[in-house]
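First, one chain by itself in structure tokens, the form predicted alone.
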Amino acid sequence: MPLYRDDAIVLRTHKLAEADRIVTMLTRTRGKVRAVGRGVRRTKSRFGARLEPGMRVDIQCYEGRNLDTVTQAETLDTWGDVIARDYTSWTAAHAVLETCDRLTEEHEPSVQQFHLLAGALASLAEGAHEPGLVLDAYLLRALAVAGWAPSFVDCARCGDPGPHRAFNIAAGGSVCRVCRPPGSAAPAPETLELLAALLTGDWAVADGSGLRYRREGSGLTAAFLQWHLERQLRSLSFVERA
């Protein structure tokens, strides 16, 4: 069986048998992989604590037919351990990890998604920005990388220069008066400005935004995400908002 080594971030885990665990990871060069950690649930396991969600590890695995097998794991960043000490950050991190899991496919490399995920977890661990803002910024950028970039200024349908007041999820974001479909939302201009800042990384604008606009923006972001995923994210319902 071929042996490989890669930089990986643990997305989720599942119990297997009495002491094993299936670990789903996003790797830098191989994309998403699933591997079995033998005996990692035993208290004397050599690397059980390193294979927890949110941890970044240097992983070594044997490639199998259905599941790979972890043979070695060395900690690179203990984001999961730091984030777990703050409930608001931890719920946001779970939403980030679940979104990444939904947007990536097994054995399909996605270097952009890997770096985006690493940046979001590092930001949550550092506490430089409000966790809700980090989460929404990640969701918007992850969707953009996946090919579903929302528009918050120009019309998503005809490209008419904005800003525009109407917002329609199915249309792809902001829409002008001519293209506006029935039932479109009319968020505050400050909300659209905040979402545009999160998408482009303008943290000066994002950090200075008001609570009302953050809440409205979070609702639009969650709805936009789940529309394109065609399913709800379980972790979003547990996210602790400021």
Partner chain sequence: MYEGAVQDLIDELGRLPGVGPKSAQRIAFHLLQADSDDVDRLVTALTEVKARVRFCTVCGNVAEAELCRICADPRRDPSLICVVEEPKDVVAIERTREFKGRYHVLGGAISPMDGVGPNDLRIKELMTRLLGGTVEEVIIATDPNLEGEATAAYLSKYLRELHVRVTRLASGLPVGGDLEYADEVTLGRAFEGRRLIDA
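Values in this document were obtained by computation on a predicted structure and should not be read as measured data. Numbering follows the first chain given and starts at 1.
The next section is about a form of this same protein that is not shown, the form predicted in complex with its partner chain.
With a 4.5 Å cutoff on heavy atoms, R177 does not count as touching its partner chain in the predicted complex; it lies far away. Its partner chain is not shown here, and in the predicted complex it never comes within 4.5 Å of any heavy atom of W148. Within this chain, L97 lines the site of its partner chain in the predicted complex, having a heavy atom no more than 4.5 Å away. Using a 4.5 angstroms limit between non-hydrogen atoms, G80 touches its partner chain in the predicted complex. With respect to its partner chain in the predicted complex, the three residues H129, T200 and W203 uniformly fall beyond 4.5 angstroms at the level of their nearest heavy atom. Heavy atoms within 4.5 Å of its partner chain in the predicted complex map, among the stretches 135-143, 80-88, 119-127, 167-175, onto 80-88 alone. In this stretch, 19-35, the one residue having a heavy atom within 4.5 Å of its partner chain in the predicted complex is R21; the partner itself is omitted from this view.
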